[in-house]
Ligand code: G3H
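Only one chain comes next, encoded as structure tokens, the form predicted on its own.
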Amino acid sequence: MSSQQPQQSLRPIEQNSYLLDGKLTTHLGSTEKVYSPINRLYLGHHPKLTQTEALAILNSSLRAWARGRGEWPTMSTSERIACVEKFVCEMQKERELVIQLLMLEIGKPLPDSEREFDRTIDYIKDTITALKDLDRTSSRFVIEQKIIGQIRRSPLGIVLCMGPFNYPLNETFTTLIPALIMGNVAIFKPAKFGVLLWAPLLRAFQESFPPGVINTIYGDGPEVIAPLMSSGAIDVLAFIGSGKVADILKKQHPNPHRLRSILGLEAKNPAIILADADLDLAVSETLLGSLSFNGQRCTAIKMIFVHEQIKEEFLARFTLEVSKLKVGLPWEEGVKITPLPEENKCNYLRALVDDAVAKGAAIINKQSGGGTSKEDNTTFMPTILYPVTKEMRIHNEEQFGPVVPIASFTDITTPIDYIINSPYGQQASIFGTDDQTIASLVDHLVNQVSRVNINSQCQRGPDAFPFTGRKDSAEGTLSVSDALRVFSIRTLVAAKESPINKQLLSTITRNHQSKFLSTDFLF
């Protein structure tokens, strides 16, 4: 990465094209201007498509899928892997520009932007490795009760992929790449923020995949997404965002029982700090868990319960560490708190804080700027609220920003009841050292959330671990291997164990006459 500040070195990206049917198609209609949350810097524009273009994109996808008989869904696994490997090579050439745009479009700090890009590359490579393992397991026949069978995984159809703004590259690719590599065709719509960073990658998509296998769509959801869903042609919805939007999208589909959904939605992950917790560790992990990338992560710790016996010491230590966080611009060394990309986000956070203060909470770090925003009204200072009670909005509402609500407890049923009654069920963190207490809490929580973290922050990784949620937090499971399964279906070819069938299957596999019936071993 150049030492030059990106707003000085980056020319506005005047994107007038979108990927349609393997061609970078010029859009002659209206465009959407993009401004950085940093000083409202003009970054460029992207196409603002209409229903007409949306239906043309859908028709391109239908041709590429061809009711499962298209070039891409009938390709061999090794051929699809080769296309994805080519894409990775092309994508890596755009690393510096994509990282600059991550900083400028969503305010992500430089080290986090670099990690997001590099982690995405690693994820794609790990997905290729996982698919090879999966294919090797399937590259044999089984015989049960005198029936010969081969069980492999087949694609589902047309996938509508919509990623989030907070991890616009990584989280999008955790659905888009497995969907593609399993033989589905994809229509991809970038998030509202983090759109221009995809412009450098359009040619990589174009050069790596057959026409129509991936098409890109831009514009307002009601204008361009509603026609796609209401057509009934979308087989899979891969969406990371709010449950409210997900519900709207699913209801637009005329055959919801046919629609498979892979959803990553809201979370209100709590941390429980027990009386015997290692406070150095608890403070360090909850600080990272609640305020990394301004707390704009679904996996962020968004509510802290600390035992009454240690609340004073924890609050003092936590407040001290928060005061050390550097507030500034994404490319500044050591910066932790940066501008927020969502319009009026500071006003929303201020309303949450005002509501809590009006109902009895205090801004614990007021001396270091807690509860205030910078003059540009895009940077909100990290804010600690205590004591937070259930009457306050922040107690249950996902803040998705640098506001940390803290409550104390004497009875462990207080945080447990909070988790049980919450509409969300993604993760929880426990901090303590007594094995019996930890064991009991684990047994209580594993049926409420999908990941229990012991003496560590809530997080997604490693990517080999399953990532999902209970209740209103998710639908479907993602990980390197799980994603391959959710974007495909087990399919069986079977035959009675007779001499003629044995000969038939042997001839087909020996002469490589079928892409499905195969005993090839991928290296």
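Throughout, we count residues from 1 along the sequence that is shown. Every value quoted in this text rests on a predicted model; they were computed, and no experiment measured them.
Unshown form predicted together with glyceraldehyde-3-phosphate (G3H); subsequent notes refer to it.
Student: From the list Val306, Ile384, Cys298, Ala179, which entry has a heavy atom within 4.5 Å of glyceraldehyde-3-phosphate (G3H) in the model of the complex?
Tutor: Contact residue from the list: Cys298.
Student: Does any heavy atom of Glu105 come within 4.5 Å of a heavy atom of glyceraldehyde-3-phosphate (G3H) in the model of the complex?
Tutor: It does not: once glyceraldehyde-3-phosphate (G3H) is placed as it appears in the model of the complex, Glu105 has no heavy atom within 4.5 Å of it.
Student: Quick check on Gly461: any heavy atom within 4.5 Å of glyceraldehyde-3-phosphate (G3H) in the model of the complex?
Tutor: It does: once glyceraldehyde-3-phosphate (G3H) is placed as it appears in the model of the complex, Gly461 has a heavy atom within 4.5 Å of it.
Student: With heavy atoms only and a cut-off of 4.5 Å, decide whether Phe467 touches glyceraldehyde-3-phosphate (G3H) in the model of the complex.
Tutor: It does: once glyceraldehyde-3-phosphate (G3H) is placed as it appears in the model of the complex, Phe467 has a heavy atom within 4.5 Å of it.
Student: Does any part of Arg119 reach within 4.5 Å of glyceraldehyde-3-phosphate (G3H) in the model of the complex? Heavy atoms only, please.
Tutor: Arg119: yes, in contact with glyceraldehyde-3-phosphate (G3H) in the model of the complex.
Student: Would you point out which of 206-214, 329-337, 274-282, 160-168 contains residues with a non-hydrogen atom within 4.5 Å of glyceraldehyde-3-phosphate (G3H) in the model of the complex?
Tutor: Single hit among the candidates: 160-168.
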